[in-house]
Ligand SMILES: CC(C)(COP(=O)(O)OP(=O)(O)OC[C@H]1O[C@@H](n2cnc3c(N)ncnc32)[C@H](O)[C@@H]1OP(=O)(O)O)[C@@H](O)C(=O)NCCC(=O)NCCS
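Read the single chain below, which is given as structure tokens and is the form predicted on its own.
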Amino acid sequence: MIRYEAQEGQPSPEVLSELLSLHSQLFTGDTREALTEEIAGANGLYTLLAYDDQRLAGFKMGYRRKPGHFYSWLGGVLPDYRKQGIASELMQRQHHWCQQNGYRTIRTQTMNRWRTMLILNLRHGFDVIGVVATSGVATPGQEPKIVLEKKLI
């Protein structure tokens, strides 16, 4: 049975360590130091965690972009836990919290190679509002980012 926890503000050192470990299993590119620095600098940070017993199976993290606007920044679910509705549950909980806390818009970005995340966002009411292209020669990790936004009612 998956247990969900939510944290407002900076995560505790223990949770931060778990998040960094899970992030490194899911993504490449960002160093622990760079990610720790970005997390420390995020205003209005909100983190959702999905645990299977004591194991962190997934997470979703975002922060206040500007008044009324939330940026859904990072998230992921371990491969062994995918296709069980965990990512959808994390997203629904994040959107509910945003509504309860006065946010009117949620924005996120993804890449074409993460099609399951793109489809998940579309299924949960996001619209594609643009693409951010990297200048120069395309290299792995520098593909265009698809910008999505959802209006909250």
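Because the structure is a prediction, the values reported are computed rather than measured. Numbers follow the displayed sequence, beginning with 1.
Omitted from view is the form predicted together with the ligand, to which the following refers.
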## Note on the structure
Here the chain appears without its partner; judged in the model of the complex, the stretch of 62-70, 31-39, 47-55, 105-113 with heavy atoms within 4.5 Å of the ligand is 105-113
### 4.5 Å heavy atom contact, residue 85 to the ligand in the model of the complex
yes
### Query
Even though the ligand is not shown here, does residue 97 get within 4.5 Å of it in the model of the complex, heavy atoms only?
no
### Task
May I ask you to check whether residue 128 falls inside a 4.5 Å heavy atom distance of the ligand in the model of the complex?
no
### Message
Quick check on residue 122: any heavy atom within 4.5 Å of the ligand in the model of the complex?
### Response
no
